[in-house]
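The form predicted on its own is given below as one chain in structure tokens.
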Amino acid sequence: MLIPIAQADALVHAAMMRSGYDAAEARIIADHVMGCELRGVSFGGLSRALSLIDRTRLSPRRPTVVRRETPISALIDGQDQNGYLVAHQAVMLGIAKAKTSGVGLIGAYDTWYTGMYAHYLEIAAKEGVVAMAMGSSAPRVAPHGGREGRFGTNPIGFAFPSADQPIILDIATSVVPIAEVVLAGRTGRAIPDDVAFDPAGEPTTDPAAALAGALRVWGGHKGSGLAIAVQLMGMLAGGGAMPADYRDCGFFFMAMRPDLFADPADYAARVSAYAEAVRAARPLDPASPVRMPFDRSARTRAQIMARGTIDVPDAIVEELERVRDVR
């Protein structure tokens, strides 16, 4: 169904508060969920809100604790807290340390579901810092040449402020994100061929079998190596080597002031000029111009905001309404 943006936002916020989050926490989560919907990343939107609610019910909520801290670093114990809140805390702390000391290095562990990294990286870029984020999770992705999970979907991303639109790269190291498979299962759809194995190691298009088995890694041996590096960085941040599903994930965030190396305004102008040079590259298909990272997201967000509505499966909206209205 088509649902007005403000109505969808209010629904997610209310459902999160009904699930035990206070108003400020629910706002952080709703902003993230709606940010995904506005970028056209529906598997990270209202469908993911239901997954967050399901996971929240599995353990009591405890406050996060900063276990180690220096002027340029911190280690956050998430205490099995929602990763949307833990990662938000890590990002805001990293940005603050970068603005004060030049660099902020933040690790977080004992958390789950950190969401779309582009959301955090856009916050960093708007604050004028260069940033990097990566995170490890349960071994649901098979290494190149294998058919059993040995690392998570392990996203990695970068942000670069510019004189206009920031450059934001956010990629999973699996062929498809777990959230996309979960959404397919919620809506009764098959997943594409050649993206997953069932528990026996055979190719499958069944979302349930894929979730019980393993996803394929993106990028062959190069993507597999990158995913392993992200898993090791998650371990450095305190995450488990082979965490259980939706538990004990690791998150790493780095923010850096550009003026450590360059004049910030000059660097931002050069980033913008370089982005235009990339976009101006002669395309293979004249109907498909070359894009910079984040171009598609920015364009989609502008189109959806102009339209004023998002398209969400009826079953997803109805379930969120049930959560919101429970007494």
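Bear in mind that the values here come from a model prediction, so they are computed numbers and not experimental data. We call the rigid core the largest set of C-alpha positions that still match within 1.5 Å between the two forms. Residue positions are given as counts along the sequence shown, with the first one as 1.
Omitted from view is the form predicted together with another copy of the chain, to which the following refers.
So, Leu11, Gln79 and Val181: all three within 4.5 Å of another copy of the chain in the model of the complex by heavy atoms, or not? No, none of Leu11, Gln79 and Val181 comes within 4.5 Å of another copy of the chain in the model of the complex.
Does another copy of the chain come within 4.5 Å of any heavy atom of Lys222 in the model of the complex? Residue-level check for Lys222: yes, a contact with another copy of the chain.
Evaluate Gly240 for contact with another copy of the chain in the model of the complex, applying a 4.5 angstroms cut-off between non-hydrogen atoms, and reply yes or no. Because a heavy atom of Gly240 falls inside 4.5 Å of another copy of the chain in the model of the complex, the answer is yes.
Quick one: is Ala265 in contact with another copy of the chain in the model of the complex, heavy atoms, 4.5 Å cut-off? No, Ala265 is distant from the partner.
So, in the model of the complex, is Pro283 in contact with another copy of the chain at a 4.5 angstroms heavy atom limit? Yes, Pro283 is a contact residue.
Heavy atoms within 4.5 Å of another copy of the chain in the model of the complex: which stretch among 58-66, 286-294, 43-51, 23-31? So the stretch in question is 286-294.
Sort through Pro207, Pro155, Gly83, Gly107 and report the residue having a heavy atom within 4.5 Å of another copy of the chain in the model of the complex. When another copy of the chain is considered in the model of the complex, the option within 4.5 Å is Gly107.
The unique member of Leu232, Val195, Leu211, Leu93 whose heavy atoms fall within 4.5 Å of another copy of the chain in the model of the complex: Checking each option against another copy of the chain in the model of the complex, the one that comes within 4.5 Å is Leu232.
Residues in 148-170 with any heavy atom within 4.5 Å of another copy of the chain in the model of the complex: Read in sequence order, the residues that approach another copy of the chain (within 4.5 Å, in the model of the complex) are Glu148, Arg150, Phe151, Ile156, Phe158, Phe160, Ile167, Leu169.
Answer yes if the CA of Asp194 moves 2 Å or more between this form and the one not shown after aligning the rigid core, and no otherwise. Yes, the C-alpha position differs by at least 2 Å between this form and the one not shown.
Shift of Asp248 between this form and the one not shown at or above 2 Å (CA, core fit): The answer is no; the displacement is under 2 Å.
Does Glu180 count as moved between this form and the one not shown, where moved means a C-alpha shift of 2 angstroms or more after fitting the rigid core? The answer is yes; the displacement is at least 2 Å.
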